[in-house]
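The chain below stands alone, shown as structure tokens; this is the form predicted on its own.
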Amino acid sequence: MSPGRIRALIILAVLVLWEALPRSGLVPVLFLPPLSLTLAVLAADWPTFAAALGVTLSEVAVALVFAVGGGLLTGALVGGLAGPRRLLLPVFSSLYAVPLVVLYPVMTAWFGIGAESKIAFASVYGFFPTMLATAAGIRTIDPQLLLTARSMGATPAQRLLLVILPAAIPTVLSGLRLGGALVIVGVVVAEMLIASAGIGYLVTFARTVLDSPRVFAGVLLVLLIAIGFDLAMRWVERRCALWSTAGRPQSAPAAAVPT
């Protein structure tokens, strides 16, 4: 059986259990409402959910620009230059190990409780994996490529855009996938903590009044956002497949065994 069919069967089994377990009384409806009830609530109150979804998507889009742009540029600087790498890479690696949710009160103190604090928090949340993956990918590039580009008179900007980043694409895309996922998490978590709009706010409000169907409707929307982002990244990876082996030393072919 193909992996795709196995995944489809797993998803189908999860959906069936989601509907059957609360219907059978094995799981209280307060803890897990049936899938049909969740979808019915989502459809009935769609204007409210759509407005919240638009807020969350706009914040995610802006935060992705800052997280990805800052992560790529800083990662290229840290990975491409020995001085900044020795100075900054241990610092960034240590900061990545810190639970960044502790920074959200700082963000609200600096930017208020509006969209700015959520965007700033999510940008920082997604910045570190993108930056570290970019720096790691650049360090795997064949030095002969950089030497050749330098000997041909390429400027630092040209070497970065035309040699370094294309050659590091496979590792960079892995970091972008993780960083983008963390941006989505960061926005939703920030909306759940202090916000007056967005999917996270709706989930928190429904939880306080024990409205489980609306809680799971919000969770379902967040899941759809994450799936959509993952599919977009898979499309980008397919488009960049030609670069998958660029910039890396190729292993020498095995010598022929004399007969």
Partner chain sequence: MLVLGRLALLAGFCALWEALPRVGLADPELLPPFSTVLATLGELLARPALLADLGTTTLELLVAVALALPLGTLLGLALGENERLARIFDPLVFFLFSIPKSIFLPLFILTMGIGFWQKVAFGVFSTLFIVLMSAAAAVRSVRPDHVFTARAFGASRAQIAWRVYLPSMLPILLEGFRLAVIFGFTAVLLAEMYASRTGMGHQIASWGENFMLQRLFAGVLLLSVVAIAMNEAIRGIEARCSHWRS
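Since the model is a prediction, treat every value here as computed from it, not as a measurement. By rigid core we mean the largest C-alpha set that fits within 1.5 Å across both forms. Numbering follows the first chain given and starts at 1.
Below: the form predicted in complex with the partner chain, not depicted.
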Of 34 to 42, 49 to 57, 214 to 222, 64 to 72, the segment with heavy atoms within 4.5 Å of the partner chain in the predicted complex is residues 214 to 222
Although the partner chain is absent from this view, report whether residue 197 comes within 4.5 Å of it in the predicted complex, heavy atoms only. no
Taking 4.5 angstroms as the cut-off for heavy atoms, does residue 105 touch the partner chain in the predicted complex? yes
is_contact(residue 10, the partner chain) in the predicted complex, heavy atom dist at most 4.5 Å: yes
Close approach of residue 188 to the partner chain in the predicted complex, 4.5 Å, heavy atom: yes
Of the residues spanning 188 to 205, the ones with some heavy atom within 4.5 Å of the partner chain in the predicted complex are 188, 189, 192, 193, 194, 203, 204
Classify residue 178 as shifted (yes) or not shifted (no) between the shown form and the other one, where shifted means its C-alpha moves by 2 Å or more with the rigid core superposed. yes
